[in-house]
Each structure stands twice: as structure tokens, then as C-alpha cells.
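Coming up is one lone chain in C-alpha cells, specifically the form predicted alone.
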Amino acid sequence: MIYYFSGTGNSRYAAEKIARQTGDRCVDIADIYRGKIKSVVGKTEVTGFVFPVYYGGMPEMVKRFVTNPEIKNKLGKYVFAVMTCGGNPQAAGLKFTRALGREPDLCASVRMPDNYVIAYAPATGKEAIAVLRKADSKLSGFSDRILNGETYIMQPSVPQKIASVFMYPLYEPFRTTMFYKATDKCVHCGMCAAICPDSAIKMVKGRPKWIKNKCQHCTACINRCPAEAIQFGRITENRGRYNIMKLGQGDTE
């Protein structure tokens, strides 16, 4: 079984590709928490986790999931983790290992198109597709290793470890919803509320309202809004949006 967490589609893309190439099944961690998925049967001898790197570590929901005793008791004989990131994974693999309580058999990262619009302009068009094509080759290599039961552990450098030490503690206070807003471009479709992993958005009189103080900061609401109506303060106003579905890469099953 492969568990994944994804906001704009990068980690879902990676998880589904590995699942197809290894003959396994994958399931969205957020859907499990939201009760949308009751049970999915995949390979019991293999357990995989695919997730994006946030601030040199894991999304809060992924950390909560892998530390769950029920999940730990269901781990297969072979365990792998594939982390997606726009640049450097820092020491996210070590943080995953500590949270899981055991060393995975394979722990690696793959570069995917930048999508954290809150920090920088995301990748679009040909640039994003070129990154995906390179990722395809790397993901295929991971799939081969998984099928062959090979051990592969990506080791972070000392500077990467130091960066994670300073960066990851910032994630908790920075995942505030305080600055999210919907502009007058909102078309009242309700997509943001439907796709939020945390169910942090509620439609009130046809407009989104953030009803929780914190969320995962996956940026699904910003990047996937069809009208580009959602902003995070003023810093996202002049930045583009990233949505893997718009690249024709999202519906991979």
C-alpha cells in the first residue's frame, strides 16, 4: 500500500506513477482523515509513503499519520518513502525516519515543479513539464528498486541537517490561515472548501471562510482556484499559479 499527501498534485503524480509501475495501490492520507476512504487493499508486504517536503521536514498531517500506532502496526516488510520537493529536501528523510520509528528500506527525494506560491513564483508551462519529464526517469528508477527489494537511503549533508534544524520549527507558526482571503474574482464554486485537506474552509453565503487557525499550507486552495481569486495577503497577488492538472498530468489513473 502507498499512502500519499498532495496539495497541487506533485506527490499524487509521483505516488500514482510508482503504484502503476509496482502493481500497487495508493490512497490519499487526507481522504482517510476526512472519512472519504474506508478501506483500500494494496500490497501488504510493501508500505510506501509519498509526500512533499515542507520547511525541510514533513507536512503536519503526514507526521501525525506516520506516528499513529495503528499505521505502524500495518507496515509491510519493505517500507519506502519518496519525498517531492522543488529544490533541496534538506533532512526531511531523517525526520520521517524518526517519526516512523524505524529505518525505511528506501528513502529518497525527487525534484518536482516549484509550487509554494506563498514563497515564490511557481513553475509553469514548458519549465514545469521539463522538470516532470526528468522526474519520470527518477521515479521509474525508484520503482525498479522497490520491485527488487533494494535498499537505498539518501543521506543529507551536514549543511542540510543544520538547515532543517532551523527551518522546520518555523513551519508550525507559519501555517497560519490568518492571511488567506478570497477577492471579488471568486465565482462561488466551493472548490477550495472541497479540496482542503484540513477542512479548514467553509462556504459562507457563497464565499470561502477559513474556520481554523492553522492548515497544512499545501496551497491547494490558492493554486487550484479556477478564478485565481484566493490570495495569501498581498504577496501572492502578482504571482502565477501551479496546478499539475493544467499541465495534462493530473489524471493518471
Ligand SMILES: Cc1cc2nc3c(=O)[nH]c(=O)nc-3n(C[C@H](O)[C@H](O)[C@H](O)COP(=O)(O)O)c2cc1C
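Sequential numbering from 1, following the sequence displayed. Treat the numbers as computed from the prediction; the structure is a model and nothing was measured.
Below: the form predicted in complex with this ligand, not depicted.
- Contact annotation: of the candidates 46, 26, 218, 29, the single residue with a non-hydrogen atom within 4.5 angstroms of this ligand in the model of the complex is 218.
- Among residues of the shown chain, residue 55 is one whose heavy atoms approach this ligand to within 4.5 Å in the model of the complex.
- Of the heavy atoms in residue 97, none are within 4.5 Å of this ligand in the model of the complex.
- Although the partner is absent from this view, residue 159 stays clear of this ligand in the model of the complex, with no non-hydrogen atom inside 4.5 angstroms.
- The shortest heavy atom separation between residue 89 and this ligand in the model of the complex is within 4.5 Å.
- The partner is not drawn, yet in the model of the complex one stretch among 110-118, 67-75, 135-143, 150-158 has residues with heavy atoms inside 4.5 Å of this ligand: 110-118.
- In the model of the complex, no residue of 141-165 lies within 4.5 Å of this ligand by any heavy atom.
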